[in-house]
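In the block that follows, a single chain appears as structure tokens, in the form predicted alone.
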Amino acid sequence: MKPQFPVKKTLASLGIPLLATASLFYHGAGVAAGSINALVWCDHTDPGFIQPFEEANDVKVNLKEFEGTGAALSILEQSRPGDWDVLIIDGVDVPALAKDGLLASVPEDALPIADIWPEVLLEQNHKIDGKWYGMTELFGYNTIAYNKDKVDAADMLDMTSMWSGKYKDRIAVYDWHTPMIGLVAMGLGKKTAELTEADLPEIKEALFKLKDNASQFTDVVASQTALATGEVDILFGGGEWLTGVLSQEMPNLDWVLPKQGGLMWSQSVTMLADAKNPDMALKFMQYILSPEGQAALATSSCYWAMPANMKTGSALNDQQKGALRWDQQKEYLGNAQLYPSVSPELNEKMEDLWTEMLQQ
């Protein structure tokens, strides 16, 4: 799972790039000689990422941007077999798509497995019955983003400061119950992989305190706007994906993993089972996972994220590495947890709790 990036919205009035300023390069499905078609998140539509691959391979990559697994499945259902070669998807959704026969297996020796951060290899998502069906390309964190000119950075190292009262009405909260309940649980010393219904009363108490201290619960674009304009000083649930793209223009915006840790999200690159150009699709996957492709993708004009390939540091400049906390990744990965993966029944109770908190 990953932050849900809206499309076609800007902060043009501020002269600031936003998470979703990328254009759409797709010109209609259908394979021509020397082309592949890919369903992607907006970061892959950045010319700085896609053009080097096209020029090096004399190929046209037709890209269609979508939001969320549901939207991708809807597009696939409405397409003809062979219309799509490559699919970018949330890592947690890879197993279901592979078991449904939508994804092609990829030769193990064609993937840079040894170069991927071990903590984000997520073999349980990508390797099924001994075959690889995808690979983590980018990852990042839901954690705390803030304006370091307006808050005490030391306070950001303790997640409970979000509901302590010190920053009352200066906090925006990312409005998505799954990661945010996970973060609150972590702030209380709980493990997201072990949450049960018995944890909900304590989580509820902290959530209601958070609501008392927050000025808004909002989506990615609105929360980034609020932080960039100074409407709020903190975004609980933010991370490198929100501040990285603004880091050159607004170096006062920063992010950190508190001592309790953060939630890790990931996105994966896969090949469709009925791809008409599988050889070029595999080359595209390999480019995405190469240090050069990773660096361009990780610092796209749409949003920034952590490269999965450990060798990418050589292709990033000092400013980019600083904004991504490149040199701290070993520590950060050791202090990260995955999104809560709970039963449908418990998820419904968590969603009801979130709704109750919002409506109080």
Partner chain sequence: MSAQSSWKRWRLVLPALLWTVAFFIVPLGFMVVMSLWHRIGGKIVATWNFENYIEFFTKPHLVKALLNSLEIGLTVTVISIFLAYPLAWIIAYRVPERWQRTALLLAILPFWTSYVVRSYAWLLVLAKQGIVNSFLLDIGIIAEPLAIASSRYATIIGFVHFFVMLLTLTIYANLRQLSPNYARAAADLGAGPLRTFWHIILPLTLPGVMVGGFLTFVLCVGDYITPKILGGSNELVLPQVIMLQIGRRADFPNAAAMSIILMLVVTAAYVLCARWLKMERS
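Numbering follows the first chain given and starts at 1. Small disclaimer: the values here were computed from a predicted structure and weren't measured.
The same protein has a further form, the form predicted together with its partner chain, not shown here; the description that follows concerns it.
Interface residue among 119, 274, 158, 219, judged by heavy atoms within 4.5 Å of its partner chain in the model of the complex: 219. For the candidate set 230, 95, 278, 112, a heavy atom within 4.5 Å of its partner chain in the model of the complex is found for exactly one residue, namely 230. Partner contact region in the model of the complex: 167-175, out of 194-202, 121-129, 103-111, 167-175, criterion any non-hydrogen atom within 4.5 Å of its partner chain.
At the 4.5 Å threshold, heavy atoms of residue 290 stay clear of its partner chain in the model of the complex, well away from it. Although the partner is absent here, residue 260 is not a contact residue: none of its heavy atoms lies within 4.5 angstroms of its partner chain in the model of the complex.
Using a 4.5 angstroms limit between non-hydrogen atoms, residue 248 is distant from its partner chain in the model of the complex. Contact annotation: residue 347 falls within 4.5 Å of its partner chain in the model of the complex, judged by heavy atom distances.
Taken together, the three residues 148, 154 and 254 lack any non-hydrogen atom within 4.5 angstroms of its partner chain in the model of the complex.
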